[in-house]
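Have a look below at one chain only, the form predicted on its own, in structure tokens format.
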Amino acid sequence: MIVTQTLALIRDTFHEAMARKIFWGLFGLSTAIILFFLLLLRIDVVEGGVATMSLFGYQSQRGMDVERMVRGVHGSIATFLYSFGLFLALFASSGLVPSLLEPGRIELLLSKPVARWHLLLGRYLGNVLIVLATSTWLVGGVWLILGIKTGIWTPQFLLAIFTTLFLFCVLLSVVFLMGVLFESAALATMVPVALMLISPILAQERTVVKLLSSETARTVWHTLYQMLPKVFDIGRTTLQLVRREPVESWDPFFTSALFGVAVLTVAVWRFERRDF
């Protein structure tokens, strides 16, 4: 019963996302990047190096190690995915909760034999699966094309799918909380994006703490860094994984996961107690 209801909620989320055409934009952008590597970029590899690279019909000679070039491309795609791609995914997700709470629709859904927590978490899971499909399409496509063209297969690049999805899950909990509390798509976009923008600043904790003269200010800064999701740190870890560099710390994943679980729990708790 629960499995059937969950699949129905996921299917409903997919249908609404497709109807809004925003997620078609995500797939379209990913496809455009894949076609760029597939059709426009030609790489001639000789003895482990890039001998010739052609783009838009123009050729240039390269004396670059092919593996280093592939790692550079992978790093660029990973950076795009967890920055601009993540922003687009949050923007596309922001209206899914307010639309759920529209008068008439929410009463109809609540009349069904589905628990409120199940209704909200089913929509959350559907949203996550859509972004998983988009990320897999982009990363998997680029990985496959570059592997065929260069003969260099680096499975570490595929980890960018999971680190980006993890970060999206954390920030999506904020989207859902803002949606449940205020029913505002704009606010559901602004708050997680603000967390993304402030994260690189908070990540400079060691440097900034030395510059602050007040012990209270240091405590506040340290508390904010520990409590809020580590968007910048997770992005840096993603690059380290893609480039096969040593990972400095896994702590940002644990603290960010705790933040996401706590925020999503509050969202479910508030949704359970709302009157419709």
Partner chain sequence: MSEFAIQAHDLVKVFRARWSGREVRAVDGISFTVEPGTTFGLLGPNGAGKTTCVKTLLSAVHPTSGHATVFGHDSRDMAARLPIGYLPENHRFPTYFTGAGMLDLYGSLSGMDSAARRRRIPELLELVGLEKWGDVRLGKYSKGMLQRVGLAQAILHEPRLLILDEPTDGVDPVGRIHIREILQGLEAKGTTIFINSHQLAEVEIFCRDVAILHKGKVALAGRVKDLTGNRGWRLVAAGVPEPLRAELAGDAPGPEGTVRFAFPDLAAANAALDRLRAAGAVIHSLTETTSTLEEVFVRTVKPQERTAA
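Everything quoted here is computed from the prediction, not taken from an experiment. Residue numbers count along the first chain shown, from 1.
Same protein, other form: the form predicted together with the partner chain, not shown, and the subject of what follows.
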{"item": "Candidate spot 34, 125 and 144, all three touching the partner chain in the model of the complex (heavy atom, 4.5 Å)", "value": "no"}
{"item": "Close approach of residue 132 to the partner chain in the model of the complex, 4.5 Å, heavy atom", "value": "no"}
{"item": "Residue contact check: residue 102 to the partner chain in the model of the complex, 4.5 Å heavy atom", "value": "yes"}
{"item": "Residue 155, heavy atom within 4.5 angstroms of the partner chain in the model of the complex", "value": "no"}
{"item": "Residue 108 within 4.5 Å of the partner chain in the model of the complex, heavy atoms", "value": "yes"}
{"item": "Candidate stretches 196-204, 146-154, 67-75, 175-183, one within 4.5 Å of the partner chain in the model of the complex by heavy atom", "value": "175-183"}
{"item": "In the model of the complex, residues of 146-167 near the partner chain [heavy atom within 4.5 Å]", "value": "none"}
